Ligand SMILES: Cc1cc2nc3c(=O)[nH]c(=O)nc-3n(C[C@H](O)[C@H](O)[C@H](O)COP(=O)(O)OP(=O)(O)OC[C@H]3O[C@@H](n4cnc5c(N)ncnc54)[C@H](O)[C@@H]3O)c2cc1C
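Presented below, as structure tokens, is a lone chain in the form predicted on its own.
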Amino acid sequence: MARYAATGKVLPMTNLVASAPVDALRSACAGDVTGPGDAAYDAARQAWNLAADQRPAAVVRAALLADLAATVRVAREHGLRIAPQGTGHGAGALGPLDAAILLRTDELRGVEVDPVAQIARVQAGALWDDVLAKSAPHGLAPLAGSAGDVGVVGYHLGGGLSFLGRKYGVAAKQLLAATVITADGQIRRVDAESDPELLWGLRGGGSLGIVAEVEIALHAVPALATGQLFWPIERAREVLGAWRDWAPTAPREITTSARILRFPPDPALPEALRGGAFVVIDGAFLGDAAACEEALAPLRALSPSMDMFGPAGIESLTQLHMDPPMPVPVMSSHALLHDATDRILDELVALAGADAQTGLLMVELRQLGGAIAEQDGTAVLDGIQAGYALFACGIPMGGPVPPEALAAELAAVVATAGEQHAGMFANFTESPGNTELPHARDERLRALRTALDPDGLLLGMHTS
């Protein structure tokens, strides 16, 4: 018998192979396998978030879907856990990996689009830009995230907030089917007919198995406008207050965020932005130019210093938020808010506005509501009952403040939520075992997880 080091649970096994887990994985998998003693180990274990120091017992870079099932078998034989990972955007949520196999899926990036059925079939490691490259030529859009290099699978398992979300809801509900390898090694085809309970769980419920492939809904987009409105950071409180007052009255066709944003002095940035500090409203509008103009009129009445909002292609959905296009070290924190009160706005501006001496690069409020709040019983994440998502981040390595000071600033941002705190959101979570996530509170999901993975083989709530 063997135990998972992280859980102390006994595994029902009778054959402990004598060879090391790395050797067993190399024999079982077509993809590259590295261990702590290998020269390639540091590169193989590195997450997209360069601040995450992942040190697993072994790293498997799956080359075939069969490697996923093989990794389950070897993990069980050696009493190890498995941490599936597409990119490592949310790597901090995994926690220590010394008794785990890091199962990288980033080479499994196949995407097929059925334009008639309006469905995309997406392999485990595919990114949002991979999907948009195939769907946009057909005038179809997924509920993509704000960054093109985020993994599609983990985004859905964690919930998924899109700039089309107020029209169509959380992305988790767009998950139509999946191929899943469960902890017992079974390969399951999951959809509403074959396994409605597991489909319900996968829709925002995290890693209930190793997801090899998903089918997601696409939406026709005959007309789209995206972009940003910029003001000097000195106007942050005025602009944030006006945006907050506008947001509840805005049509569902528009989804926006409002941010206090400091750009680094990066030569790759446009000169107008390089090293600058702004308050920015960005987002997307589904509809024609006239309707977009009407929706944006109250914000444009504030006379932005730069107006970059206009008609755009579907591929712009992962570019408008100006997320970094390459791996970076990031520390972040977040909270959902019932409302963005005057007190909260005052405190956020004090922490991150023009007069603040801060290491925060961004403090953001994302507009929720609309279809994002709708409930129909088909998903673990059955609508988000909050008006806004508060998110903040900074660079801990080589940034203007040391990591300890940045952590304190991030905690202060979240503390502004106070009585308006409405929980947390898995896709934004960078700490393991958070009890404020809906996953942690849902007894139905707990029962499903226990039935599928009684020994705790799988690590992590989502595989970003």
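Note that residue numbering begins at 1 and tracks the sequence as displayed. Keep in mind it's a predicted model, so treat the numbers as computed, not measured.
This protein has a second form, the form predicted in complex with the ligand, left out of what is shown; the following refers to that one.
The contact with the ligand in the predicted bound form, taken as any heavy atom within 4.5 Å, belongs to 87 out of 87, 333, 135, 257. In summary, among the residues 147, 250, 176, 312, the only one with a non-hydrogen atom within 4.5 Å of the ligand in the predicted bound form is 147. Although the partner is absent here, residue 323 lies within 4.5 Å of the ligand in the predicted bound form, judged by heavy atoms. Contact check for residue 91: a non-hydrogen atom falls within 4.5 Å of the ligand in the predicted bound form. In the predicted bound form, the ligand sits within 4.5 Å of a heavy atom belonging to residue 210.
Looking at residue 204, you'd find every heavy atom of it more than 4.5 angstroms from the ligand in the predicted bound form. Residues with any non-hydrogen atom within 4.5 angstroms of the ligand in the predicted bound form fall in just one of 231-239, 304-312, 91-99, 335-343: 91-99.
In the predicted bound form, 147, 150, 151, 153, 154, 155, 157, 160, 161 are the residues of 147-163 with at least one heavy atom within 4.5 Å of the ligand, listed from first to last.
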